[in-house]
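Here's a solo chain for you in structure tokens, the form predicted on its own.
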């Protein structure tokens, strides 16, 4: 589904923040990306979404080179941070706007919102608050659920567990596990939280200084292996 080839990113100061020779994420895989601050996780996701230009190499999403065509966008959804939101809209206005972009009518969007009503915990819908006035956690809830509109084939989430309370984290893990079980959905999640990532992903890639240092299929030993690696 997603192929990374000879991909690197170097900034003007000469620091190379990403250097991945080859990486392939098959369709239907739940892919977890872990690493310390500065490991290159957000840089990789930004390159996958054509938000920044690579120094070398390319990203291919379902046969489409993301930097040379926008044909990958209709089947790809992402939430990296609150900059993806439109601050002067309410949550409902934002959801319906995204729905229009993805060919969904109001009833389709309402059905999705109803399905995930407990995830919002009564704090977002019908409150008539602009997105910019919501807490970081509630902004994240809106961004995550918005990625589900239109049943995208690729979903990319950067640090989805951050700023969420324990109850919401558990509800989010349930949502992500359901997505991971769908053979038509390729799920990419980056996180500092090893426990949550191992729970929801069937493959874990660890980055260190922009390079892949571990690429393992999730097993009962995975968490212990990762904790030992990052303890060094």
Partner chain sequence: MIRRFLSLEWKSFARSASFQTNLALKILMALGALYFIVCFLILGLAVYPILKEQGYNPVQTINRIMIYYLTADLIIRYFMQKMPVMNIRPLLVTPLKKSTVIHFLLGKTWFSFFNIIHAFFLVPFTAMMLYKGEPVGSTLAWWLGISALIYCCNFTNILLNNKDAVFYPMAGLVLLLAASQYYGWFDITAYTYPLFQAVFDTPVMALVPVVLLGLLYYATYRYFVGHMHLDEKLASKAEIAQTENLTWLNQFGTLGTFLKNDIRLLKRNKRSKTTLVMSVLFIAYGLLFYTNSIEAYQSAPMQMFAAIFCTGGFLFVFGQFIPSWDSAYYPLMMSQNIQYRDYLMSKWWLMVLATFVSTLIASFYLYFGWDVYKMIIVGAVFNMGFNSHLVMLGGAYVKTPIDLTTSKQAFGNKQAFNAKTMLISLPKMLLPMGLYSLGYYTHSSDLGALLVAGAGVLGFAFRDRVFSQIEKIYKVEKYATLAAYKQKA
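Positions refer to the first chain, counted from 1. Note that this is a predicted model, so its numbers are computed, not measured.
What follows is about the form predicted in complex with the partner chain, which we do not show.
Is residue 72 one of the residues lying within 4.5 Å of the partner chain in the model of the complex, judged by heavy atom distances?
Residue 72 belongs to the contact set for the partner chain.
How about residue 49 - does it come within 4.5 Å of the partner chain in the model of the complex, if we only consider non-hydrogen atoms?
Yes - in the model of the complex, heavy atoms of residue 49 and the partner chain come within 4.5 Å of each other.
I'd like to check something about residue 108: if you look in the model of the complex, is any of its heavy atoms closer than or equal to 4.5 Å to a heavy atom of the partner chain?
Residue 108 lies outside the contact set for the partner chain.
So in the model of the complex, is the partner chain close enough to residue 123 to count as touching (4.5 Å, heavy atoms)?
Residue 123 lies outside the contact set for the partner chain.
Since exactly one of 112, 85, 154, 144 fits, which has a heavy atom within 4.5 Å of the partner chain in the model of the complex?
If I apply the 4.5 Å criterion carefully, the residue I get is 85.
Quick one: which residues from 111-136 get a non-hydrogen atom within 4.5 Å of the partner chain in the model of the complex?
The stretch 111-136, when checked against the partner chain in the model of the complex, contributes 128, 129, 130, 132, 133 at the 4.5 Å heavy-atom cut-off.
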